[in-house]
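As a starting point, one isolated chain is supplied in structure tokens, in the form predicted on its own.
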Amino acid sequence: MAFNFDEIINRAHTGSVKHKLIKRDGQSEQTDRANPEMGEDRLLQLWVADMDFAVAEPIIEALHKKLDDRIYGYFTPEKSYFDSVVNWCGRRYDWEIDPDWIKLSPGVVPALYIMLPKLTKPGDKVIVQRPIYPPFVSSVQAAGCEVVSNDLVYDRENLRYEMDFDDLAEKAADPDCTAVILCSPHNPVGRVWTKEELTRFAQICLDNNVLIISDEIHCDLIYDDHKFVAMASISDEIADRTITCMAPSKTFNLAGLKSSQIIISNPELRQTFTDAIASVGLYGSNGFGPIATEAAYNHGEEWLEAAMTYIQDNYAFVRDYFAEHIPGIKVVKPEGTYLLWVDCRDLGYSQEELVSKLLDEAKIHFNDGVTFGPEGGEGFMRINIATSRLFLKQALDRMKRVLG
């Protein structure tokens, strides 16, 4: 089946967060500047992790069928939804899970905010690995805990990040450290951690009785020659101390349907999460998210493989464009996700100057690297390449004009 990822869809006035105009004061508004017909006046949005690709047809068909029910009352997923998650994890990751381990959440980020206060106590230390997705930090702070960063180590010559296991061991040994949030694959640096890396990471956590919360939301977006390994699939011992967060939202462009699955084999931890969800009144489920999830996992694999081929070609296009036209920008080699972490430090601009040139002069909105942690984000930007090649070239041409 052929898929048209070159299609440019007008998302103006659709309520798309990605295509709102972000002002310098942090406020936003929906405008016609998301309209592709506006040409150079269009604000090019390559920031939040939201694809510009049309959703796979089997998902649309399943949602239409649900709409035809004509009644959208209180909803709980059918057994077929849980079977689809079980089969997806088994088929894609050789990970055998029990349907009873699956709990629903309106998203991975809400799950972090809801579960952390129940799994930690105020004053506890929680490890993250900067540069890191900002809600990891804010969810820890909201729980009254202290954020401790086991910073990733950047190999600038090879454009690759590694874990600092010695630093992790030292910080995990602190008796006040009770949990770690792992990002696997990593957002924003694009690493797909190997089984050996994950095993070493987990052993440090087990040795120090540190709970692992593993955000694996990008697990399906893997580049050729790399393999995703679910942390909890490595051993029963690791699974017993791991809470896995997954969702179809990044994979199949379904973030607006607010549906994710939290997979927990440990019955005590699972009950804690269940109680945490109930404590904020989240009973039942969104009636459309699980329907879309089931259709995606049962019938969306061909679309996903085609999308990943297109995304990898987009990466090569961006890498080669910078090398030829803006050699001061280096792209960290991605192994997964559709997000590029780009090193702009050789351009010689301050972060404020860099952001201003891109947003105000070139009219391109990327994610400011500093928001992923000033320790490792200064001089970097994050670019979402899950968009049409034409749109991507327009953005790069504007960058060349302003920065080249």
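For every residue, the number given is its place in the sequence shown, counted from 1. Note that the structure is a prediction, hence the values are computed from the model and not measured.
Below, we refer to the form predicted together with a small molecule, which is not included among the displayed structures.
A.B. asks: Consider K103 of the chain shown here, and say whether it contacts the small molecule in the predicted bound form, taking contact as heavy atoms within 4.5 Å.
C.D. replies: So K103 does not count as contacting the small molecule.
A.B. asks: Can you work out whether V180 and the small molecule are in contact in the predicted bound form, taking contact to mean some heavy atom pair no more than 4.5 Å apart?
C.D. replies: No.
A.B. asks: Does any part of L358 reach within 4.5 Å of the small molecule in the predicted bound form? Heavy atoms only, please.
C.D. replies: Taking the distances in the predicted bound form, the answer for L358 is no, it never comes within 4.5 Å of the small molecule.
A.B. asks: So, in the predicted bound form, is P110 in contact with the small molecule at a 4.5 angstroms heavy atom limit?
C.D. replies: Although the small molecule is absent here, P110 would touch it in the predicted bound form, with heavy atoms inside 4.5 Å.
A.B. asks: Picking from 123-131, 80-88, 215-223, 324-332, which part of the chain touches the small molecule in the predicted bound form when contact means heavy atoms within 4.5 Å?
C.D. replies: So the stretch in question is 215-223.
A.B. asks: Identify which of N314, S249, N150, S233 has a heavy atom within 4.5 Å of the small molecule in the predicted bound form; exactly one of them does.
C.D. replies: In short, S249.
A.B. asks: Only one of S285, S265, N253, N187 comes within 4.5 Å of the small molecule in the predicted bound form by heavy atoms, so just point that one out.
C.D. replies: Residue within 4.5 Å of the partner: N187.
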